[in-house]
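In what follows, one protein chain appears twice in different forms, each by itself as structure tokens: structure 1 and structure 2.
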Structure 1
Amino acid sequence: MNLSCQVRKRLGSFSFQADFQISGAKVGVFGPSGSGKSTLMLLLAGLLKPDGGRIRLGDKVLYDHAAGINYPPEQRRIGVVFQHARLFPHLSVRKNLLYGYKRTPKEQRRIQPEDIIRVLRLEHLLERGVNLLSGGERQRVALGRTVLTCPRLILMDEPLSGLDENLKLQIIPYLNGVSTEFALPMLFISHSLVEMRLMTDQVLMVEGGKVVEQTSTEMLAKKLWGSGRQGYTNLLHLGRPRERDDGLYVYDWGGVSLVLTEGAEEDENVFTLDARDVLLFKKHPEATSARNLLPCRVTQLTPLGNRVLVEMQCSGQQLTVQIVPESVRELELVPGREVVAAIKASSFRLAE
């Protein structure tokens, strides 16, 4: 995706403006409620006309106030997945999926129904009425229907906010799978930092009706940590666990095993670990209540006032720890230093 946008729009007392150029397959639009995220989505999709400016996607100009160009939504080839699935209630899952596909010119049909059905695992739902679907199933069908219009770009406007926490985690692998399998760029809109980190590589930050910054997703996480607006949270992608005789659960994480108190039923799970919940030792401790002792190597230190963010590599995995400057001095931490990270089994939480 190569997207260039310079637009302005006034809606009553609210004024929005954006001026950015961005390239990438997974781009996020991040900001608080009311900041203008959905306004940007509507402007890009052609569902709202700007007061002025220019929008270009790839080599096609979608809107140009000076040149009098304003393609309608159906000619922009931009798909939209809303917070609520907006399926046709009188149609089955199969007919909902095929609705846009049948209306897409044959020369533009580069994605076939059987392929999206396979990726989204919808085979057993095809003849079911959409009113009988769970929230996560409805979102998968809505995504499939949008993908089968073979768009050049998919806009996802808070697609997970209407789901409970377990369903959110279940649908994220499907979203990523569609983007990867069909080389479909996505613009993912959310106010959740965890969702941003799971779904995007780059982020447009929106505040007060403006696109104020363009950065990588990890830099956004560090920026919010530095401003005190968010604590830093590690995201660990773990598979299905093995249950021990003592009721604890063992997960594979790269080249090491992690012991957790919390089990999970999915094949792909995301756990959070607060950077403040990790202890560092110069060498392997003789005894500790922590069930996880990981050999790690320091790669970077980021000091800010009375806090330091320590980034490490642990058996090929990234782990970030927050400590105080005095601890940095006592442990003699510098890039390349070998340390042992101690983590309690109860410190991990399924991502929300």
Structure 2
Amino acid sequence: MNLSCQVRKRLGSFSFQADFQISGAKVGVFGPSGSGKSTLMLLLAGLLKPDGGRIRLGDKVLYDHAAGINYPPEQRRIGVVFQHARLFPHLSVRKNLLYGYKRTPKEQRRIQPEDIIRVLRLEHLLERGVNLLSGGERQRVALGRTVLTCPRLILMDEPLSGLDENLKLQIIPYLNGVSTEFALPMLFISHSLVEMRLMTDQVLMVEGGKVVEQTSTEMLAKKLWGSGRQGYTNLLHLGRPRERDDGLYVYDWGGVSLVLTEGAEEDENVFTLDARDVLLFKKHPEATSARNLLPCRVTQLTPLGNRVLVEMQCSGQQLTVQIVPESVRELELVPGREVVAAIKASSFRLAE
């Protein structure tokens, strides 16, 4: 995707303005509620007409105020997965799925219904009415329905916000899988940093009706940490664990094993680890109550006031720790320094 957008729009007392150019397959739009994220989505999809400006996707100009160009939504080939799915209540799951497919010109149909039904595991739901679906199933159908139109870009407007916490993490692999398997670039809109970090690698930050910044998702996480608004959380993708005799669970993480108190059912699990819950040692401590002692190499130090964010490499994985400047001096931390990180088995939490 190569999207360039300079638009402005007034809606009553709210005014929205954006001027950005972005390319990449997984882009996030991040900002608090009411900041204008959904307005941006509506403007891009053609469901709301800007007051002026220009929108270009790839080599196609979708909107140009000066040139009098304004393609209607059905000709933009931009798919939208809405908050709360918005499945058509009078149609079955199958008819919902095929609604857009039937309206897609034959030469553009590169994704077949049977493939998407398989990937999203919808086989047993096809003849059902949509009112009988669970929240996660509804969102999967909505995703499939949009993907089947083979759009050039999928806008996902907080697709996880209507779902309860553990369902969210079940849907994320589907969203990622579909985007990757069918090579569909996406713009993922959300106010959740964890969702952003799981779904995207670049982010547009929206605040007060303006696109204020364009950055990488990791930078965004660090920036939010820096502003003191959110703590820094490590996200660890872990596979299925082995259970030990003493009831603890062992997970593979890069080249090392992690010992956790929490088990998991899925093949892919996301655990969070607060950057403040990691202790650093200069040398390997002989004995400690922490069950995980990991040799790491410091890659970067980001000081901010009375806190320092220490980024480290740990057998091929990234681990970020928050400590105070005094500890940095005592441990003589500089990029390249080897240290040992100690993490308690109970500090990891299955992400919500």
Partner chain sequence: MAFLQPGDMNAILLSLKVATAATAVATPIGIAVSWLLVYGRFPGKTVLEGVVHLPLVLPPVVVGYLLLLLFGKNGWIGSFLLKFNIQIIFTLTGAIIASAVVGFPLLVRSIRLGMEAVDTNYSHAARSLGAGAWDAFFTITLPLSLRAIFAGMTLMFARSLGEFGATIILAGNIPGRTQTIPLAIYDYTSMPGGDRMALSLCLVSICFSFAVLVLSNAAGKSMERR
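Here, a residue number simply tells you its place in the sequence of structure 1, counted from 1. Model, not experiment: these values are computed from the prediction. Rigid core: the largest C-alpha set superposing within 1.5 Å between the two forms.
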Query raised in the report: Only one is the form predicted in complex with the partner chain; which?
Result: 2
Query raised in the report: Under a superposition restricted to the rigid core, does R128 display a Cα displacement of 2 angstroms or more between structures 1 and 2?
Result: yes
